[in-house]
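What follows is one chain in structure tokens, specifically the form predicted on its own.
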Amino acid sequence: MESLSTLPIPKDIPLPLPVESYNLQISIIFLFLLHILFVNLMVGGSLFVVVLEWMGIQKPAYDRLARRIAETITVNKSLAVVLGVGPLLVINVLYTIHFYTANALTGVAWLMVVPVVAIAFLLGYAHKYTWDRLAHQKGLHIAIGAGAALLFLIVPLIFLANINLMLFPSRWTQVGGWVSALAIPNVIPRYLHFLLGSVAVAGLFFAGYFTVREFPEDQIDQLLDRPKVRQMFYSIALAATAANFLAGPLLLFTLPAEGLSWKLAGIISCGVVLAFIVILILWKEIIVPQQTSATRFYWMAALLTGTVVLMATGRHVYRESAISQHRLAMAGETLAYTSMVGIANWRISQGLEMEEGGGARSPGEKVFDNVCAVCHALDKRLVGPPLTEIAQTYPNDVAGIIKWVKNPGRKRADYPQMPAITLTESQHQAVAQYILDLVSGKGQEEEKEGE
């Protein structure tokens, strides 16, 4: 991980969360799952419609099948948008600074989400309601559907680039727009994983839609009866799920190491096991189909739901781990800033600023406020230990503090490693003495209060 001293560390918004953090974390997983289900059905369904309608030019049965799938897309896209409000609001609350920083860095692309979604909706409705009118202009009709599908593919890519960028503050100074955000190594593998997941979920859904649901016709025609339709969508779901066994590791290996953990590995492994069982059931259903496959379908739906829940949980675990150290640094920066504001206000209330012309700070205090206060406070733990603990480790030992600051290591696992600090010799001397004097002064004040 890049040294915290070289990362952009903004101040946080010093407002309390409306509920406990764990409630928000559970909410974001649950609300995201509801949202992504209908996004998967929208994206996968729109791709199926375009391909099947194109195949229907030669074989009309596919055109009729495409039309029935198209009837579901307008509903799914509306639900995807409505259910997307929930996770978006929780992200805004839980990851305010990180999320809005990513929004600002992706710029125009992020601002274009709403108009792009609106255009995609219009194209989707135009495609649905002109099926008969453009029956003899199939090229134009397919182009309208393909345009809607393309926009449905672009919007998730914009969101994915934003959500991904917020996890990696080390990239913030390197990104100059949405295209450069896409260049982060794990973005395309993550998008590929999403696309294959959408095709798998949609394939399984439409296999059930045309099987478990009472389809209006027992037989579309001799080419595509109900068992053949079911087998076709099961085959699509099987291929997409199997392909994700390749895309998944590619995504995992391109993630920065700071968010990886054994906990994450365990969660993902459980998801992989469930997905493998789904593949086995799909394979059996394709090779030895049942006359009524409702039982198998429900088992596959339940197992695939479990896989998605585990993967979403793993994604959240990674997100929390990836930004944990940066959050600590932000907390330190925020506390240091609010402390400085409080000190400045106290000085003004005492008239010290006017009497001393703003020169009340000693050289050591100036260095501490500008360099050290981001990670250290007097008697509170921030990114680093409190000054009282440092003074206990180096009692009256200015040279010992200077030696550690010049060549720091890592003494305890619950603290990040301190970066080396480059100062002049006089600055090193001044700030080390200031730390010891500050702690000593606090001790004297406590003794007086005890008397």
Partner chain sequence: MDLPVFHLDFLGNRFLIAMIAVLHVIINHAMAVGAIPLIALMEWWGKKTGERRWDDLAYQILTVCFVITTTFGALTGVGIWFSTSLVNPYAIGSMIRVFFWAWFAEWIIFVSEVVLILLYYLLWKRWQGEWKRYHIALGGVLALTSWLTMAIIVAILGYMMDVGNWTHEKSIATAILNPIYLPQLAFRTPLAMMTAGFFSLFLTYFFTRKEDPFQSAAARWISLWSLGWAPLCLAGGIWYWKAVPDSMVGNLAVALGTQAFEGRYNVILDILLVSFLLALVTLLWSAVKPSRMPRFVLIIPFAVAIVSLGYFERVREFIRKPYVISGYMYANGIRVDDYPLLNQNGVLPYALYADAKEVTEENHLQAGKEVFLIACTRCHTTNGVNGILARLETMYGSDRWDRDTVLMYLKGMHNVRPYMPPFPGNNAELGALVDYLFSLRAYPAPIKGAQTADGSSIRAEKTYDDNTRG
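Numbering follows the first chain given and starts at 1. By rigid core we mean the largest C-alpha set that fits within 1.5 Å across both forms. Everything numeric here is computed off the predicted structure, so don't read it as measured data.
Beyond what is shown, the protein has a form predicted in complex with its partner chain; the following relates to that form.
Proximity to its partner chain in the predicted bound form, taken as a non-hydrogen atom within 4.5 angstroms, holds for one residue of V82, I287, A183, L246, which is V82. Scanning A239, L122, I163, L251 against its partner chain in the predicted bound form with a 4.5 Å heavy atom cut-off leaves one residue, L122. Of the candidate stretches 231-239, 114-122, 146-154, 130-138, only 114-122 contains residues with a heavy atom within 4.5 Å of its partner chain in the predicted bound form.
Each of T74, T101 and F159 places at least one heavy atom within 4.5 Å of its partner chain in the predicted bound form. Its partner chain is not drawn, but in the predicted bound form it has a heavy atom within 4.5 Å of I97.
The closest heavy atom approach of D437 to its partner chain in the predicted bound form falls outside 4.5 Å. Within this chain, V273 is remote from the site of its partner chain in the predicted bound form, having no heavy atom within 4.5 Å.
In the predicted bound form, its partner chain lies farther than 4.5 Å from every heavy atom of A432. In the predicted bound form, its partner chain lies within 4.5 angstroms of at least one heavy atom of each of the following residues of 144-180: F159, W172, T173, Q174, V175, G176, G177, in sequence order. The Cα shift for D63 between this form and the one not shown, taken after rigid core superposition, is smaller than 2 angstroms. Relative to the superposed rigid core, the position of the CA of R381 differs between this form and the one not shown by 2 Å or more. W54 shows a C-alpha shift below 2 Å between this form and the one not shown [criterion: core-superposed Cα displacement of 2 Å].
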